[in-house]
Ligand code: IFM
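Starting off, we have a lone chain in the form predicted on its own, written out as structure tokens.
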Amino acid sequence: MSMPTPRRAPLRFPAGFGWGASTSAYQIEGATKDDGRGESIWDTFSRTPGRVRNGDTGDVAADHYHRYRDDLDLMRDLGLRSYRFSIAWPRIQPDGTGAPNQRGLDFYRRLLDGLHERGITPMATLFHWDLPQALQDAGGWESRDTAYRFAEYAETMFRALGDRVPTWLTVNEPKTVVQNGYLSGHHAPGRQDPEAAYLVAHHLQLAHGLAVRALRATGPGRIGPALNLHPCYPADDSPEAAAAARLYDGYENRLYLDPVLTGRYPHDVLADLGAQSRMVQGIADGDLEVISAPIDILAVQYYTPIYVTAQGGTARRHPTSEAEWQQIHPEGMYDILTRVTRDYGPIPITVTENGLPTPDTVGTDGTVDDAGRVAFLRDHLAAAHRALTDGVPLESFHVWSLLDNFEWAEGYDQRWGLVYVDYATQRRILKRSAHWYRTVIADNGI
């Protein structure tokens, strides 16, 4: 006689845990020419033939700019306690400088007021890749001046909306800008220039630090960067693989964590780049003091582990999602969260992105059964809970993403949302994962 499988005890999160979801401006807003918004590098890139799958652009996306009130109601109905979104720099400063566009500010003010009215705490990202095209024309992130323009934009936002935003995130995934925008070239601005790439990394870090200083000078609020961190494991037991994984980790993680949290760039990465590299030559006196201005919170985004071979390449060790770069390994969530706390101390952490694309379709009964997303999120939340239990000061967790949206170079082919978007009609349909997540929030656990 077989014994019944024992039920796993529920995993409860601390009282007040911030259950949330994330979006970004270019991926959901649309309305790229409305109310004085300027051009961004993603407008330029997506409208360039051959750059984005199917020729898709963010011109309409999920039309959130016009439908934000309905989307706010949807967030309330899900029970979200936190909403992490980004502000489109070109809506505020169409040319990247100068006086703010009042209509752009007013949109975000209405959005923030709507969040507060529904009891949802806002978390605003200042830069989620949509650099004003005018600044790109003047050199983009290769130009040190762009970091100072970003600081001015950040100060504008702090003064205009600081009373409504308790937590600010500075730069979203600087590593992705570096790797996809300047190494592989499959994100805007579409460059393939390693020398430029790491100078860009430094200027993005400098922009972050200048924004932190700007907030301290203008008033209260919490602030930190949003970093996508990938645990790097040796692909085998050889000393060569261990050494290669260590250097790979330097480029993936320590290049962004160390300067912010320790005031130093990792020595092995600087040595590998070389003393004459544009990045090393571009570090001015005082830069690291600016970059390491104390932060209040670290936003961690986890999607995949990386397994590094003795030759410095990568290997696949786990099943992948529809995004072929994403290996599904929930233990990586535990490893990266505990690593940050172990190596850098008890800085408060928020997970601001975690999710995967699944082949979602609307069934004949009008529902969307994304069972794979439910399993993925359950397993990653369990790993996050274990990290929290083991001492990681994790405050909140945001699923990527609230809505299906424009997935950068993949256009609309990949669906990452808790909520299905029928792009032809802009109808929203809560997927199975959304209903599940609503229960998670209500129960404060899994």
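A quick note: this is a predicted structure, and the numbers were derived from the prediction, not measured. From 1 onward, residues are counted along the sequence shown.
As for the form predicted together with this ligand, it is not shown, yet the points below apply to it.
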{"query": "Segment assignment from 202 to 210, 126 to 134, 67 to 75, 284 to 292: heavy atom within 4.5 Å of this ligand in the model of the complex", "finding": "126 to 134"}
{"query": "Contact residue in the model of the complex, chosen from Asp249, Glu353, Asp360, Glu142 - any heavy atom within 4.5 Å of this ligand", "finding": "Glu353"}
{"query": "Listed residue that, although this ligand is not shown, lies within 4.5 Å of it in the model of the complex (heavy atoms), from Ser396, Thr32, Gln27, Ser46", "finding": "Gln27"}
{"query": "This ligand contact in the model of the complex: Asn172, any heavy atom under 4.5 Å", "finding": "yes"}
{"query": "Contact label in the model of the complex: Trp416 to this ligand, heavy atom within 4.5 Å", "finding": "yes"}
{"query": "Glu407, heavy atom within 4.5 angstroms of this ligand in the model of the complex", "finding": "yes"}
{"query": "Proximity of Tyr303 to this ligand in the model of the complex, heavy atoms at 4.5 Å", "finding": "yes"}
{"query": "Stretch 313 to 327: residues contacting this ligand in the model of the complex, 4.5 Å heavy atom cut-off", "finding": "Trp325"}
